[in-house]
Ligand code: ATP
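One chain is shown next in structure tokens, namely the form predicted on its own.
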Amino acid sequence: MNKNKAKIEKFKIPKEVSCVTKTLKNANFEAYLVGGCVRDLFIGKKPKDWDITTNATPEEIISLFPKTFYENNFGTVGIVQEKVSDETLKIIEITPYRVESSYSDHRRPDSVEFSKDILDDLKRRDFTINAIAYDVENGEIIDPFTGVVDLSKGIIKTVGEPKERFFEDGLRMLRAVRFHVELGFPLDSETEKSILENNNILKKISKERVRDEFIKIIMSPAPMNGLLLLKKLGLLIYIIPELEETIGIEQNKAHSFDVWTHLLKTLQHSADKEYLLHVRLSALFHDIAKPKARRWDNETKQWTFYGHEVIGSRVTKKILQNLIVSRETIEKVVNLVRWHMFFSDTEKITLSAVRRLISKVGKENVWDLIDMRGCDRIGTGRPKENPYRLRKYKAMVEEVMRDPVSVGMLKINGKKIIDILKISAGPKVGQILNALLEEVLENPLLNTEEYLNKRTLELSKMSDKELKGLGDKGKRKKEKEEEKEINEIRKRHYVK
């Protein structure tokens, strides 16, 4: 007991936390830190959240603190803190000891009753490493399920019978995987066996809760290990079945791995680089449609995956919508998946082509696209993330980022055109802007007020039909030539 106390006392308990526990104790109530914060203290991590449990009822808790809120069915009272330290926790949550009834929906207890016994509260928790209570005032540790021992062993084990814990809340199966990747602990054999036997419970869990745990796995230091464990335990099929379709899908000689392994390694490198969620998700999904696009080329004697980025963007959107991911994140990920096959042969690609890519993917997303491409390269088994070719491409991007890639970047706008031509707003204004943009994309030096004003007067003399035809004809010709050039480059260099 003293040894455990000494380990915890290496870390400073925030004053606002100890103030809350002291207030409860001074009112003759019990008060313990519990859950993840105690676990983190034992393994040397700074807790992100501080959970307190007590034998006081919600009403008794509220009476002890000046600023509180209570808006749930589980007895949790939020304590609004005044400034105590430079790192003040604005809200600390206190929950009474609870006894929970059966879980008929595998998601939440049918009823909750408050208890006066800390043991009642600890035995309802998911894993032994989360079922340790710590008294800040006297250093007492309550550990009825040997969670301290399991922490020292580095193992994830349910409190009591695994099947019962998972039938109470099927999300605990995903939490087990999340703790595996966050802590680096393996699951004990009985816990793992029970998940494998009861994984279909996950179907009953809300998409929002599944999404939250899945994102935590993706944002962990070891998402590759998390996905491998999800697959091993039979959980992945209930989250993203499309990923399982990539297993064993052989690729061409530019790749060292099947599609599944490639995606995992690409994702892991994005985590190693500590990239944001949308980049990590695009790393995971960028080749998700290769099984659908794969064809055998008798001439080259290898597999091809033409168009997988287009199909993949649609598949990715469906996956993320099913997981109820935010619209902003979906848009970013789908965009990166759609354009991840951008060219990188700097001897062949023109600055005009680079400008068009930026116009499609967006200036705000282009560096994420290049970061993802670096992860993609590592995922193929190549030793260098940033070879000369990619470095040169970055330089080209930087150069053209100063050039117009949209109508809004022209040194003229619709209002100016209306003033010059003394006309009303209408389709002709947009047609002139598009025609001007086509010229400027080819030659950014034309983006001057003097030239654009003059050219506007010239274009205005054309009929709407001629003006529209001018823009459409040039656009079709350029896109056709660029598509042909890009396809030849990809074929020649065994990229898709």
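Just count from 1 along the sequence shown to find any residue number. The model shown is predicted, which means the values in this text are computed figures rather than measured ones.
We do not show the form predicted together with ligand ATP, though everything after this point is about it.
Hey, with ligand ATP in the model of the complex, do Asp150, Pro162 and Glu192 all fall inside the 4.5 Å heavy atom range? No residue of the spot touches ligand ATP in the model of the complex.
Asn130 near ligand ATP in the model of the complex, any heavy atom under 4.5 Å? Result yes; Asn130 sits at the interface with ligand ATP in the model of the complex.
Even though the partner isn't displayed, in the model of the complex is Glu458 close enough to ligand ATP, meaning a heavy atom within 4.5 Å? Glu458 lies outside the contact set for ligand ATP.
Would Asp49 count as touching ligand ATP in the model of the complex under a 4.5 Å heavy atom rule? Within the cut-off, so yes.
Even though ligand ATP is not shown here, does Asp126 get within 4.5 Å of it in the model of the complex, heavy atoms only? Asp126: contacts ligand ATP in the model of the complex.
Can you pick the one in Asp120, Glu242, Asp371, Glu182 that has a heavy atom within 4.5 Å of ligand ATP in the model of the complex? None of the other options qualify; the answer is Glu182.
Which one, Asp169, Asp135, Asp143, Asp188, lies within 4.5 Å of ligand ATP in the model of the complex by heavy atoms? The residue in contact is Asp169.
Going by heavy atoms within 4.5 Å, which of 441-449, 53-61, 39-47, 426-434 lines up against ligand ATP in the model of the complex? It is 39-47 that comes within 4.5 Å of the partner.
Taking heavy atoms and a 4.5 Å limit, what residues of 191-211 are near ligand ATP in the model of the complex? Stretch hits: a single one, Arg209.
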